[in-house]
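The chain below stands alone and is given as structure tokens, in the form predicted on its own.
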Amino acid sequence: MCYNNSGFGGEVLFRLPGNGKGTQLMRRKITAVLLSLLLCLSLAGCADRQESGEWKKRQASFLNLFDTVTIVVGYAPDEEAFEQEVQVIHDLLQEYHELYDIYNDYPDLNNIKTINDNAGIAPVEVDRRILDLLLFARQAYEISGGMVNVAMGSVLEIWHQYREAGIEDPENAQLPPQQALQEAAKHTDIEQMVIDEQAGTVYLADPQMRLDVGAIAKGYAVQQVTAELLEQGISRYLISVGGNVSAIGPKGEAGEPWAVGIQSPYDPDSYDYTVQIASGCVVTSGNYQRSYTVDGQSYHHIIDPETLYPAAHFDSVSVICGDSGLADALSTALYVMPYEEGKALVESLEDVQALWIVDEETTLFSSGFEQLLR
């Protein structure tokens, strides 16, 4: 874990990368970007310290959660207090990371991977936090009209395998066979996800069904951690987990809002818009992360459940609302919906705003989004 406490001047502008599963190449890119960001913030590096008793802006970062960069910026009276609170944040996020992991096993823990491994075999007793995530996943499915479906794992796994292979060997990159995608799509009925709250179990009735919670897990976890931190009296923090940024109260003693920059899909070193939030979150989904190229065409990771191919309406979509889990789900849903349909969904919800970057010439807003721009 790296701490940066230089009290750098001005405001921190988080550039929001897109959501999705990572690759070895992406991890290398993330590491390079993170190191560059930290260098820009403090030429003195991670060893800087502030004097005790001063409420200073301080920063920490780690790379071991949700396969992406986590950056924590906050205000604390001294270095020791900051490190203690950041450790709490890290440990809480790590618990959710392990619970929602679909790739790795952990000792004495049943997680999403355990559920997938037992598809068609037996119900799996799980932590209440997994039950709550999957119950929320059902709500997200209903709200989005099926555009956000955690039961799409069989389809997404095929794309994941071809994307990984294409990144490792670009010259021989290929697209998944349409027949394989269509066959996998037969096993994406969310009704086959059987949740027994009384028994505390989850059972996938279809043996070939797989859960993939990538569209909601980071945002949902950040929302739960935010609530737990506030209960513990920890505030004045901004947490960025990949494309999910959540404000835990306003910044500093003056209670000013945080400035959050929305990254340009066309230039990773610039941001197109800056919004201000004192609470709530900003979540972005885009086509500029987790992609690979086949025959000169780029294919990203956000798959339209109707076409079974990457959605092609926009270059990025950003959502602002009070719930990070909802924002995460909506950013994916809006990305795969046509604009008019997505805007109607946003306008039907309370305290939700969205921004659609269509291309380098066109940006669209929900009715209240521009009021949040700095």
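Start at 1 and count along the sequence shown; that's the residue number. None of the values given here were measured: they were computed from a predicted structure.
The discussion below concerns the form predicted in complex with a small molecule, not included here.
Task: Interface segment, criterion being heavy atoms within 4.5 Å of the small molecule in the model of the complex, picked from 263-271, 77-85, 167-175, 151-159 - done: Among the candidates, contact is made by 151-159.
Open item on the list: Please determine whether Gly214 contacts the small molecule in the model of the complex, using a 4.5 Å cut-off between heavy atoms.
Closed with: Contact with the small molecule, yes.
Task: is_contact(Leu93, the small molecule) in the model of the complex, heavy atom dist at most 4.5 Å - done: It does not: once the small molecule is placed as it appears in the model of the complex, Leu93 has no heavy atom within 4.5 Å of it.
Open item on the list: Whether Gln223 contacts the small molecule in the model of the complex should be assessed with a 4.5 Å heavy atom distance threshold; does it?
Closed with: Close contact is absent here: in the model of the complex, Gln223 is far from the small molecule, nothing within 4.5 Å, heavy atoms only.
TODO: Check whether Gly322 has any heavy atom within 4.5 Å of a heavy atom of the small molecule in the model of the complex, and answer yes or no.
DONE: No, Gly322 stays farther than 4.5 Å from the small molecule in the model of the complex.
Open item on the list: Within 4.5 Å, heavy atoms only, which of Thr188, Gln289, Ser240, Asn111 is in contact with the small molecule in the model of the complex?
Closed with: Exactly one residue meets the criterion: Gln289.
Task: Sole residue of Val72, Leu134, Val124, Met147 within 4.5 Å of the small molecule in the model of the complex, by heavy atom - done: The option sitting close enough to the partner is Met147.
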